[in-house]
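Coming up is one lone chain in structure tokens, specifically the form predicted alone.
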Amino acid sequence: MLSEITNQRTVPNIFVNKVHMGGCDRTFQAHQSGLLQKLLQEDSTYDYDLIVIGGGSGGLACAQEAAILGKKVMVLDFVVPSPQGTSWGLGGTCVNVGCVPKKLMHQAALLGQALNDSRKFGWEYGQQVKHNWETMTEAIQNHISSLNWGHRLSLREKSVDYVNSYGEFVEHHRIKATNRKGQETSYTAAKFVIATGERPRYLGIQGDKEYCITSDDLFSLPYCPGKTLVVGASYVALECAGVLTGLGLDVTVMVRSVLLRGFDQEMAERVGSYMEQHGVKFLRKFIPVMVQQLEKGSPGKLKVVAKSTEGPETIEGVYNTVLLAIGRDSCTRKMGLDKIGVKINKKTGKIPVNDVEQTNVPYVYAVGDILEGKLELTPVAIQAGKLLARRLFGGCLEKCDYVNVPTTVFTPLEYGCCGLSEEKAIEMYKKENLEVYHTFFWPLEWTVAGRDNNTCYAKIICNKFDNYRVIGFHVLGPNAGEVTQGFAAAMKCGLTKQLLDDTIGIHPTCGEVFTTLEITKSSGLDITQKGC
């Protein structure tokens, strides 16, 4: 039991005021740093049982769960405006500048495609249909505002103190909170959770912060961005490019190396191929070196100079908007972690934690995108935050399971996955120990609309020597997120190829394709489809 709680299998195993210190060495280090003396004080000497720094998905989940368990909790949240001046309310990236507005704009683009399909299904409309950017963004921002208010109300109902200030450690167990006016207040707590998330990275070239936007700015942009260059090949880059193209804009994606690094590369290239066939232009193996403003306006005109990653070649292009989506940086470097000895990765800013989300300083924990080596997904942060609060204050032992977490890339044709990419599976298990089943499929909705019958694609990766257990699940098609979610639960239960074969499909659906997979990659047989 003790080893499960502490993940320590040696003695002595020391706790001070319910905080696990560790063995002799860590306790001695705590004494030298002054931390031990702090911990020996009674919890009642602190202002709060828990202070959460960061009001995003993970932080809010942790704070509210701790409050439900009867603890006195504070949430500190402060959004530093983007270089373009964009800021937002409580709720973090997902609610304000991530999952929620992204999915709503994705839906707007899908409706455009549905309009095209509808004529084949008998819908007749004479006038030219056009999209209004301002109407869309206003509706989306109104919805986000309701979510912001909902989060504040939920905190109030659970008696969690919410302070809209920037949190910074000044000494052990004490933080300084600075509001927008520069006014400072000091608070103490027995325990802290860092949940500050990440912000978009900039290129570090002439004109990037002055003239470029990021996902922080796009979803509330007060004007249509016009002809757009998207720089990057991350899921954020491809999702944004897909949305803008779907709304009828001229979009180019500038790619340094590979699409969707970290994802299955066969699936990534299929995503890119579909986007290219549907109007997105790709500039491969180029990186921007300068952004220059030619005309002011909403939007204005920007000249971008880029150079090849493979030689001396340079190119120029003129765009109305340049959107950077080259990665994100952890918001951990300017919050005084060095003053209390919390270790961070000097290169990435990410925080190493053990399997109970505890940092090297025993009373400081972390959840969400800032964790080193963990998945950067909203539902993961929420789960980790809730379970952390239950372990700290509810006597629970359950830890967050970071294995077989499903996700979906909301590109024009969605890509859902769970488990290992084919590359990772080969690296871990060797190719000869795997069997990959795959096929194209043709959604019934696409047949009458006259859309391609060999674009949507399904693939599972099975471990031959573990009863053909499914270790990788991949689907490219409509509603891929909805399809993937159900199969993810099955994978948690140890899904095998035989269990899939034993499952009766729902006809006609996209998901049923996984119940009838027969062709293996190793067979080399043709997988093209000729009917539903």
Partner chain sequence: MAVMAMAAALRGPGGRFRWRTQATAGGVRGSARGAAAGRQDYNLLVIGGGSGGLACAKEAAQLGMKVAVVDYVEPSPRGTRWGLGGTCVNVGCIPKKLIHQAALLGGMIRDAPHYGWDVAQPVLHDWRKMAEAVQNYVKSLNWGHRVQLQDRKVKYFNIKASFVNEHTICGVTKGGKEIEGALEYGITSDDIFWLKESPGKTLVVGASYVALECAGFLTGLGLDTTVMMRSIPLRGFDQQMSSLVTAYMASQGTRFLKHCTPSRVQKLPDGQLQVTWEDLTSGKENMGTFSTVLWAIGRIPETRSLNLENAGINTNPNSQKILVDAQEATSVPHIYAIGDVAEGRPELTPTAIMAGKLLARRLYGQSLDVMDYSNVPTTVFTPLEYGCVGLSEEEAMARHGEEHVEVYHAYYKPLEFTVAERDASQCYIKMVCLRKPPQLVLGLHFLGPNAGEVTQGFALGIKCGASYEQVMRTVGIHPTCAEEVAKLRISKRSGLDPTVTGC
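Residue numbers count along the first chain shown, from 1. In this text the structure is predicted, and so the values were computed from the model without any measurement.
Quick note: we don't show the form predicted in complex with the partner chain, though the next part is all about it.
The stretch in contact with the partner chain in the predicted complex, judged by heavy atoms within 4.5 Å, is 490-498, chosen from 46-54, 460-468, 490-498, 66-74. The contact residue chosen from 182, 85, 312, 126 relative to the partner chain in the predicted complex is 126, the criterion being a non-hydrogen atom within 4.5 angstroms.
Checking 444, 80, 428, 318 for any heavy atom within 4.5 Å of the partner chain in the predicted complex turns up a single hit: 444.
The three residues 95, 104 and 410 all sit with a heavy atom within 4.5 Å of the partner chain in the predicted complex. Of the heavy atoms in residue 290, none are within 4.5 Å of the partner chain in the predicted complex. The partner chain is not shown here, and in the predicted complex it never comes within 4.5 Å of any heavy atom of residue 255. Proximity of residue 358 to the partner chain in the predicted complex: non-hydrogen atoms within 4.5 Å are absent; the residue sits far from the partner. Taking the partner from the other structure, the partner chain in the predicted complex has a heavy atom within 4.5 Å of a heavy atom of residue 131. Taking the partner chain as positioned in the predicted complex, the residues of 498-516 that bring a heavy atom within 4.5 Å of it are, in sequence order, 499, 500, 501, 502, 503, 504, 505, 506, 507, 508, 509, 510, 511, 512, 515.
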